[in-house]
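This document starts with one chain, in the form predicted alone, laid out as structure tokens.
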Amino acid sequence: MKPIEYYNKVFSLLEDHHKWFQQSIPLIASENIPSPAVREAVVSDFGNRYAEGFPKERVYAGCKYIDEVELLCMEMMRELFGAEYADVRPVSGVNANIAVYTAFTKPYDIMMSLSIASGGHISFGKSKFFGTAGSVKNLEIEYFPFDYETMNIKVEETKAKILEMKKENKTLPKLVMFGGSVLPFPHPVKELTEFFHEHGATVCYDAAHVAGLVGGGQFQDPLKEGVDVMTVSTHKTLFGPQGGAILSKAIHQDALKKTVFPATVSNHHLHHVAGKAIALAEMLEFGKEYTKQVVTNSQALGQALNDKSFNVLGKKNGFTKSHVLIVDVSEIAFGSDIEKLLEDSNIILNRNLLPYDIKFGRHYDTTGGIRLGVQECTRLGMKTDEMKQIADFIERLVIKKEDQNKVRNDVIEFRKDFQKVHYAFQTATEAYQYLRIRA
């Protein structure tokens, strides 16, 4: 193609994507829709500038207004999470985790976390799985004992594992990571943090998925429950642009400042810092109402899917207390097959490993589960009646095997009533409207 043809093709694909999402049901648990105000901040000139270092301590000139925005962003982050220290420079949740690993561990130290199959994030992973902790920081990983039925960490078994390691003179964990990428229920932070501190570990909580729920008062508060540091993503239940942040007690701020810059971040995507600041203002104003509806919607969708004979995990405890649901579809098809079927019908979710998949020889391409998150649908104004409708669409496709074209058309019709961002100061621009800046 000629350069102008490449140019036009890219813009055409961008517009096609926006049109598709205007007509789809977004259920990816790690995504959200930012407000028009956040989008405006992200396209500002901040995205063309550099500001290495901490506000008022830069190694670049031209940061007069950038510093003020970043200081406001940090102030709001501390207020939202009740933290003594907040660093908004990490460019992702993984980047925030790497900074924490750098601050509190040395190569070949032991870290305890969830396995990926049990809900741990790939950034917790062993080197043989190309996980970040093992591959980038050379950490050795010990897994939490995990209860499949309650979808949570086993407290007494965890203590017994540490005591057995101590008895055998094995190296104990220097860092413990609660949280993860599948977090339907609060982790036993209060029950285990003091124990880990007594055995020489620093305790971190990866709140990438539940940060908005924590800030909105709808999930456990890890910092109040005793963890030393918490990492977050800013674009999941916290509805900002893609990015990360670190929150901690003041005692750790000097170490964390240096392991963010210069250790793990150079220029830190200043337009996204501006977007984070706008999203935090929205969360402080609307977060309690929004996150309460997220949890209500998630539980309603779990119940509706269960009523339609889907095997929703965590049933014993009400399916979920967060935004996320895990459904075992192994008796129907691989999770990847369900993912593709639904995507072709404008319902967007993803396959997900089940805690027991590896035992049955299933892996990432052949998962037994799917993962659903309701945070984006909630931001579009959907409530419990719409969750029942979504469950109905999924049942029609997966169980009743209805014609995909018919269901897709019904999904498109359903979505017509949900085109604006809710829980924001200004919402005139539609959620997925393509904003053309070119002449």
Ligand SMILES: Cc1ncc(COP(=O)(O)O)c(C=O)c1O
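All residue numbers are counted from 1 along the displayed sequence. Fair warning: this is a prediction, and the values are worked out from it, not measured in the lab.
Although not depicted, the form predicted in complex with the ligand is the subject of the following passage.
The ligand is not shown here, and in the model of the complex it never comes within 4.5 Å of any heavy atom of H272. Put simply, Q389 is far from the ligand in the model of the complex: not one heavy atom of it is within 4.5 Å. Within 4.5 Å of some heavy atom of the ligand in the model of the complex lies at least one heavy atom of G180. Proximity of H235 to the ligand in the model of the complex: non-hydrogen atoms within 4.5 Å are present.
The contact with the ligand in the model of the complex, taken as any heavy atom within 4.5 Å, belongs to G243 out of G243, P184, G335, G215. The partner is absent here; in the model of the complex, the one residue of N352, S322, S123, S345 having a heavy atom within 4.5 Å of the ligand is S123. Of the candidate stretches 168-176, 360-368, 273-281, 235-243, only 235-243 has residues whose heavy atoms lie within 4.5 Å of the ligand in the model of the complex.
With contact defined as any non-hydrogen atom lying within 4.5 angstroms of the ligand in the model of the complex, the contacting residues in 87-109 are S92, G93, V94, N97, given in sequence order.
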